[in-house]
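Just one chain follows, in the form predicted alone, and it is written as structure tokens.
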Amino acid sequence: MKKLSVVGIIFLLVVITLSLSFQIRADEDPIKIGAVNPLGDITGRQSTNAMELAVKELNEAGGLLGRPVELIVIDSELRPEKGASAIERLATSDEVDFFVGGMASSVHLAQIPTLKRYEKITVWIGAASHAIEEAVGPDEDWYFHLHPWDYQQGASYAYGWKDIEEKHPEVQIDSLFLAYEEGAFGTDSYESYQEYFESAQEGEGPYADLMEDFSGVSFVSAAHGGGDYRAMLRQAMNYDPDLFIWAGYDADAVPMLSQVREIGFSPPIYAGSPPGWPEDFGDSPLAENVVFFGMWAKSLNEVSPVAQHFWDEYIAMHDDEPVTYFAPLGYTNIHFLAKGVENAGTLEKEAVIESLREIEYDSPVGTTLKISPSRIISNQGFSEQKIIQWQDGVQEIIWPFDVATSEIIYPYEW
């Protein structure tokens, strides 16, 4: 009996030692964040760069919960099937703790079923289509969406144009033409504007007293094999709108403007609504006086220390300037999630969800990030964008006026 007791004690000590060893190893294992971004697109490249910067800052400050942070990035290639398989791989092979990303509504729609299967906390910065919100549904408390939905963006533009009209009486916007890429992003943008127009005809909604006439035509984006916009542009020119807007991708920016000049189209306001612009777009004379909608511009450095910090550190790490608002959004993506984990003091799912809902994060996009419900989901972040104009190669904010860095140049001329 005595001999057996000694053996038992030794066995117990071995079990305890192994258990402690496993616990120490678990505590030292990295907290894994899985990102799915389109690395061939400027928005995906720069948001990934910004995520890497945020992870670097976190690890230099000691990590999270005493553990290092690891970012695992998979290229979606802007293809729905690639985006969905990336989520599956991150969940199973890489065993990530959280999901972040990403770009393109059509890609994200394909990812939603897989995200629902694993129900890991997801903080998404792209995919503005309200179809995403409908696909997620009202009951998924693990899902956080930071980018304004298409209907939120459209409403904020209306408020901006009304303010601009009031301040600048020479600006008159009665008719609007929307050229939209034929995918989910563009189509849903068109449907949102159509709804706004119908409400405006009844004297309701944000576009009441602003949009008296509306039309739109789809096009095949250069990002998806298109690039000839002439037929669409001729329809727009014949319509003769006060405000021309195109909703597509950065690959459409230069060829569309070249064809605008080719056919002689010069609307009073020429506006683009891509998620990001080509890196050197501001250096081109084609950019002059082009208006666009976005969440950030370099000029925010003048009014936001957080924006200035992000700008300086991004350049120091990557030897390149951020040119798309998906860069500061990518940075926000990681730091917002990390702050939620830090405040929760645990990786326990419900605790982190509640923590994220309580955060007020001073973001480099010049707006404080605070979670609130949108039409369907419980956890929506930003709700509006800014109106910006290329002037002498610089992105100048022309609305909201409290962060404006210039007045609108009107009308658009080339």
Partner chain sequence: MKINQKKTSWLFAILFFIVIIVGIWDASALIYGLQRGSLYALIALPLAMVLGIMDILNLAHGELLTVGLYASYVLFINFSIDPLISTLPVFIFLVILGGIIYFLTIKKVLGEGHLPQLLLTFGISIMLIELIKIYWTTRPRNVYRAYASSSITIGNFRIGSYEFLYVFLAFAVFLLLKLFLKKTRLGQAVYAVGQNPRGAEIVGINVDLVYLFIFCLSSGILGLTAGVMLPRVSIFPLTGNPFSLISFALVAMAGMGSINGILLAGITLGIAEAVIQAIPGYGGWSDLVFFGVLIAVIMAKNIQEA
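The structure presented is a predicted model; accordingly, all values stated were derived computationally and were not measured. Positions refer to the first chain, counted from 1.
There is another form of the same protein, the form predicted together with the partner chain; it is not shown, and what comes next is about it.
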Site test, Asp41, Ala222 and Gly226 vs the partner chain in the predicted complex, non-hydrogen atom cutoff 4.5 Å
yes
Of these, 206 to 214, 301 to 309, 164 to 172, 283 to 291, which stretch puts a heavy atom within 4.5 angstroms of the partner chain in the predicted complex?
283 to 291
Using heavy atoms only and a 4.5 Å cut-off, determine which of Val254, Ala271, Ala200, Leu71 is in contact with the partner chain in the predicted complex.
Val254
Might Ala231 be said to contact the partner chain in the predicted complex, defining contact as any heavy atom within 4.5 Å?
yes
Going by a heavy atom distance of 4.5 Å, is Leu115 a contact of the partner chain in the predicted complex?
no
Even though the partner isn't displayed, in the predicted complex is Ile315 close enough to the partner chain, meaning a heavy atom within 4.5 Å?
no
Within a 4.5 Å heavy atom cut-off, is Ser218 in contact with the partner chain in the predicted complex?
yes
Using a 4.5 Å cut-off on heavy atoms, which residues of 159 to 193 contact the partner chain in the predicted complex?
Glu182
